[in-house]
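Next up is one chain by itself, shown in structure tokens, the form predicted on its own.
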């Protein structure tokens, strides 16, 4: 039988998978600890405009989960935190966690006075660098915890004291420093999620050359009311409404030179984003270039409904190259129609690259002996007892499946403790 002090469960990653795993374990009677590197919980789901296939915003689902976290004393979470070391064995792990400084303490009421006093601006990571924000900032409108953050560039500047004095609640602590914390837990769920494939590696598509070539995650933020364009889908080059939007599927995926695998969600994400364009611009034309459509089970109906739209064309063929048109005002996509074996040059004024999903464990592996598959996902065939990959750390998957996987991981973690 495990001792009381090691019956807790550590969940690394505070996205939808991690929150689900922590809540399910806590509601089953186990103390859980969430460690999240960002200054907020919610992960990439918080950056979405809508889910598919219901096309509803994620705000309600996140708010319900945040309320469950607030109301459950068995759940503790640490933002701006990273796991540095894991030692021990199933039922008895020792974990070292690094807590990075936020420079804002629990007295913060999110009044925004610090941002008002701040003149320094930085790239907005929540919007994938598409706009600037103050260096004293609330990560996003629904950030949980609802507490501001000071960027290190501000803390090290001459402006720092002025910003500190602007806070009426004495919530700014410019002397905050990194700390370490040690935990003893019985099991660990690793749910650190995914990152989009680096589109700059797709040289033929000109992501870094042409401002009107964006990625699917950037489109998601552009469509959001809290995004860089306040929800208006606009061409970055001139801030005008697009008339013809091209969605390029498998941008780097199923490609031996980039990602050899299919991420499974990109087709549906592009179809969802096509509805964003159609809602805003009823006359806009949309072309979805695809190899084959991945829409299984109940999601087949979503595909069929989108396909009925006469302004949305599904073009079977892989885009070979993207170039500017002769006038330099639009883009030309060179593509082969694989059904007719003919070459085409198709104009568009906004191109969205459906880049695939890579596990964050590629850059930040588990600091313990854990097996991975050929693509860097935590292996499900060679499992380290007591350490369980979940969600997109384990396999590319959509949000609803992440919730299911988080629940499954919680059960595995509980079983690890129960059998010791």
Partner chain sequence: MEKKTAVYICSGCGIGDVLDIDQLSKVATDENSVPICQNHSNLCSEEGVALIKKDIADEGVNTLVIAACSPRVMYDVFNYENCIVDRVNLREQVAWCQKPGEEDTQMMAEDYLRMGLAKVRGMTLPEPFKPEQEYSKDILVVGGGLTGLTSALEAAKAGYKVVLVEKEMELGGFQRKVKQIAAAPYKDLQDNTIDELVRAVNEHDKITVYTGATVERTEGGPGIFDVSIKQNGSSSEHHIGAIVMAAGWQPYDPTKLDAAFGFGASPNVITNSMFEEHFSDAKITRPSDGNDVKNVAFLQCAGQRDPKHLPYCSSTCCITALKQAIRIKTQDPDVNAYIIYKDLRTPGQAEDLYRKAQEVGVTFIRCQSPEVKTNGSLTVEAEDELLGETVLIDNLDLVVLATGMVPVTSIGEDVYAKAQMEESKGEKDKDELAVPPDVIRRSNILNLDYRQGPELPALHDDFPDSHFICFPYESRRTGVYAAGCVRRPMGIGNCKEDGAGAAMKAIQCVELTSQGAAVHPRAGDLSYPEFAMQRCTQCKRCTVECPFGAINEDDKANPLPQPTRCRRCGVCMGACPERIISFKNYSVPIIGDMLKAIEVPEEDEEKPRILVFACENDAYPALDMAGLNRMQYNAWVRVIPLRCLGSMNLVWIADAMSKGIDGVLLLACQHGDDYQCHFIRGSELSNIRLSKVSETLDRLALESERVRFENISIIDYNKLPALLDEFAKSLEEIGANPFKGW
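Here, rigid core means the biggest group of C-alpha atoms that superpose within 1.5 Å across both forms. Predicted model, so just to flag it, every value in this text is computed and none were measured. Numbering follows the first chain given and starts at 1.
The next section is about a form of this same protein that is not shown, the form predicted in complex with its partner chain.
- Remark: of stretches 90 to 98, 104 to 112, 126 to 134, 208 to 216, the one touching its partner chain in the predicted complex is 104 to 112 (heavy atom within 4.5 Å).
- Listed residues 226, 311, 280, 237 were compared with its partner chain in the predicted complex; 226 is the one with a heavy atom within 4.5 Å.
- Taking the partner from elsewhere, residue 256 is found to have a heavy atom lying within 4.5 Å of its partner chain in the predicted complex.
- In the predicted complex, at least one heavy atom of residue 338 sits within 4.5 Å of its partner chain.
- Its partner chain in the predicted complex is approached by residue 53, whose closest heavy atom lies within 4.5 angstroms of it.
- Its partner chain is not drawn, but in the predicted complex it has a heavy atom within 4.5 Å of residue 300.
- Residue 169 is the only member of 159 to 177 with a non-hydrogen atom no more than 4.5 angstroms from its partner chain in the predicted complex.
- Taking the rigid core as fixed, one finds a CA shift for residue 380 of 2 Å or more between the shown form and the other one.
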